[in-house]
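Next up is one chain by itself, shown in C-alpha cells, the form predicted alone.
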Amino acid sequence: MTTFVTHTAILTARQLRAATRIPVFLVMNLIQPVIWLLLFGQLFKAVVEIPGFGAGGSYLEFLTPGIIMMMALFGSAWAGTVYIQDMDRGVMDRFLTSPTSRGALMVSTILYQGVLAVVQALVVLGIAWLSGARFHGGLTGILVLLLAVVLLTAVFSAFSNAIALLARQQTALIGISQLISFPLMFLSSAIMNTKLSPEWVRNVARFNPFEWAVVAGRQALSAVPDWAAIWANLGLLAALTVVMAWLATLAFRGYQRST
C-alpha cells in the first residue's frame, strides 16, 4: 500500500509539472466553457420565465453547474492522451519493465484530471459570481459540486484510459470521445431543463451519468437542496467510477499481454 501511494503521488506530480510548464493549455480548456457560460447566459436568460421551467433563479445560476460538468466531461474524455503520448515516446514500456505500480499508473491519471477539473470549476464559479450568479448553497454546496466534478472526471478518465490502451491511436481516442461527449451533454439538463424536453430525452437523461453530476451539483447550489436526490446521484457516480476503473484495469492488462 505504501508503494502504491508513493508511486501515485510521484506520477501525479509528474503530470502536474508537465501541465504547469505549458499553462496555455489550461487557459485554452477554459475558453470554450466561459464563452458558453457568458454567451448562453445572456442569450437564453428569458427561458426561466417559460411556464414549467422551474429553475428558481436566474438562467445563469441554472446554467453554471451544467457548464462546469461539461468542462469536466470534455477534459476527462481526453485523459487517455497522456497514455498515448507515453506509448509513442516509449515511456510506457519503461514503466512496465520497472517496479512501478500498475494501479498507480491508472490512479495518477485520474487524480491529475481531477485536480485540473476542480481548479477550472472554481474559476468558472468565480466568473459566474462576477457575472451576477448567486449560489445559495454556500460553501457546503460548492464542496458537494466539486465532489460531483471529481466523480464525473474519474468515470470518464477511466473510460478514456481504457480506450487509449485498446486503440493506441490519438485519432481513435478523439473520435470516440467526441462521439460520446456531445450526445451525453445534450441529453441532459445542462443547458435546458428536461421538463421542457421530449419525453424520450427525459427517459434517456435518467440513465445519463453526466446528468447525475449536473443534478447533484445544481441541487447542492440551490437555496433548498434535495439531499436525497444529491446523494442518490453521487452514489450512482461512485458506483460507476468503480466499474469504469475495473474496466480500465482489464484494458491495462490486455495492453501488457500484447506488448
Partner chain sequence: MAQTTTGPALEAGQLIKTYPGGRGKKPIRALDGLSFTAETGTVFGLLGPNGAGKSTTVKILATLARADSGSATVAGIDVARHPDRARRAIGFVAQKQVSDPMDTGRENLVLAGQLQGMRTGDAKIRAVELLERFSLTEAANRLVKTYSGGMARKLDVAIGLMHRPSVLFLDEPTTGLDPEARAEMWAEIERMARLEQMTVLLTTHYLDEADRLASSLAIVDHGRVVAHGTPEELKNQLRGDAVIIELSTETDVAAAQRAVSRVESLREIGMDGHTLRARADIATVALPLALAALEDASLRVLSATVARPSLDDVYLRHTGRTFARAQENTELQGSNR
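Numbering follows the first chain given and starts at 1. Note that the coordinates shown come from a computational prediction; the quantities given were computed from them, not determined experimentally.
Unshown form predicted in complex with the partner chain; subsequent notes refer to it.
Although the partner is absent from this view, residue 87 contacts the partner chain in the predicted complex, with a non-hydrogen atom inside 4.5 angstroms. Residue contact with the partner chain in the predicted complex: residue 243 places no heavy atom within 4.5 Å of it. The partner chain is not drawn, but in the predicted complex it has no heavy atom within 4.5 Å of residue 24.
Under a 4.5 angstroms non-hydrogen atom cutoff, the partner chain in the predicted complex has residue 10 among its neighbouring residues. Residues of just one listed stretch (98-106, 119-127, 135-143, 69-77) have heavy atoms within 4.5 Å of the partner chain in the predicted complex: 98-106. This chain appears without its partner; in the predicted complex, the one residue of 91, 180, 174, 115 with a heavy atom within 4.5 Å of the partner chain is 91. Shown without its partner, the chain has 256, 257, 258 in segment 219-258 as residues with a non-hydrogen atom within 4.5 angstroms of the partner chain in the predicted complex.
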